[in-house]
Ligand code: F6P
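Quick setup: one chain, the form predicted alone, written in structure tokens, and binding and motion questions come after.
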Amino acid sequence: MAEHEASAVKKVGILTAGGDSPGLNATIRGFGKAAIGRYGMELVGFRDGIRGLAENRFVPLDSKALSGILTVGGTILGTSRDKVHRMEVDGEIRDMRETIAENLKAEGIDALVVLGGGGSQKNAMRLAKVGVNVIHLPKTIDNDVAGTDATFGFTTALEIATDAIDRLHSTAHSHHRIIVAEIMGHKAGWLALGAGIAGGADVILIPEIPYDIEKVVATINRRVERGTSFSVVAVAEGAMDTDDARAMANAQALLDGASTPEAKAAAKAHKAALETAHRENTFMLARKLEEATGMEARVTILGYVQRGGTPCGVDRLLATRLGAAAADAAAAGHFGVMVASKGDGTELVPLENVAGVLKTVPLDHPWIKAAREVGTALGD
């Protein structure tokens, strides 16, 4: 048996947080196999994300536990959406950062690896500020984490959404309908844009480009005039028409400018009301298109199917690369960082540079340009 390489880290914890995503188990495996096999680290996994971390609930992860999970969807560790600085405990909201740091120290855990998206990244940075040796690995099907070329889970979700649009084409064509497919993405349109282009959607609506309903109607009517009696519309769940986008921007401005607790509470309530109303946006869009065009419109919400199931080969490869690179970073004592995908390699990015930064679709992005050049309408 080969000798292990030197590492100051002897025992390391790992957890998965936020929404589930294809590739979480593959990443746990990638990190674990490198950490155990190359560096001789002892590995434990915290149950149910940040909640399990605060409650000190963990299980040992050896080579046997990591075997066979490369292709398994979800996460063997479970997950939650708790925040380390505002966690409900026994009916009270508590700051659990110091408790977590003390628990890790008491268990002899030298470092913590957090797999998650933007919210988990902020949790990781908060823990780093109280002295926890943290490494973050970027996960989300939305692909909206700044500082990395890709997040594991995105490519699998893209394939699932593309396959759905492919299938919706046949029913749209057969019944001469407008099919509106809602794709995940509250604030970033990477998934809807990518799947819409790959699936040949006729209209793609994303949060970054507020749409004019009349222009969407005009696009569909032109297709009918040319003899095409159906249309497929791919819409991100966070896409807004120009009026709603303006109202939301004004609500955010009021919130940003609130100078008293009362004004801030009122602004928050106003914004929350707008967000609640927007949850029915896809159905309202379909009704408006049906009324304006005279064509039957149907809605398909892909929902959680986009997040489930076996990760594709690209995501398994990315997960393994990032996991192995995180083991290298831990062994070298590099903490307070995200392991980012950069080209075919990886790069360590300070959490303070990226935590809380959303990666949205630039309006001059090549995907936008390609969509326009092949005649796909973006509603503007």
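Heads up: residue numbers just count along the shown sequence, starting at 1. Just so it is clear, the structure is predicted and the values come from calculations on it, not from any experiment.
What follows is about the form predicted together with ligand F6P, which we do not show.
For the options 129, 186, 173, 298, the one in contact with ligand F6P in the model of the complex, meaning a heavy atom within 4.5 Å, is 186. 141 is the sole member of 141, 233, 192, 114 with a non-hydrogen atom lying within 4.5 angstroms of ligand F6P in the model of the complex.
Using a 4.5 Å cutoff between non-hydrogen atoms, residue 177 does not count as a contact of ligand F6P in the model of the complex. Looking at residue 215, you'd find every heavy atom of it more than 4.5 angstroms from ligand F6P in the model of the complex. Contact annotation: residue 237 falls within 4.5 Å of ligand F6P in the model of the complex, judged by heavy atom distances.
Interface membership of residue 268, defined by any non-hydrogen atom within 4.5 Å of ligand F6P in the model of the complex, is ruled out. Of the candidate stretches 247-255, 103-111, 67-75, 304-312, only 304-312 has residues whose heavy atoms lie within 4.5 Å of ligand F6P in the model of the complex. Although ligand F6P is not shown here, in the model of the complex the stretch 341-358 places no heavy atom of any residue within 4.5 Å of it.
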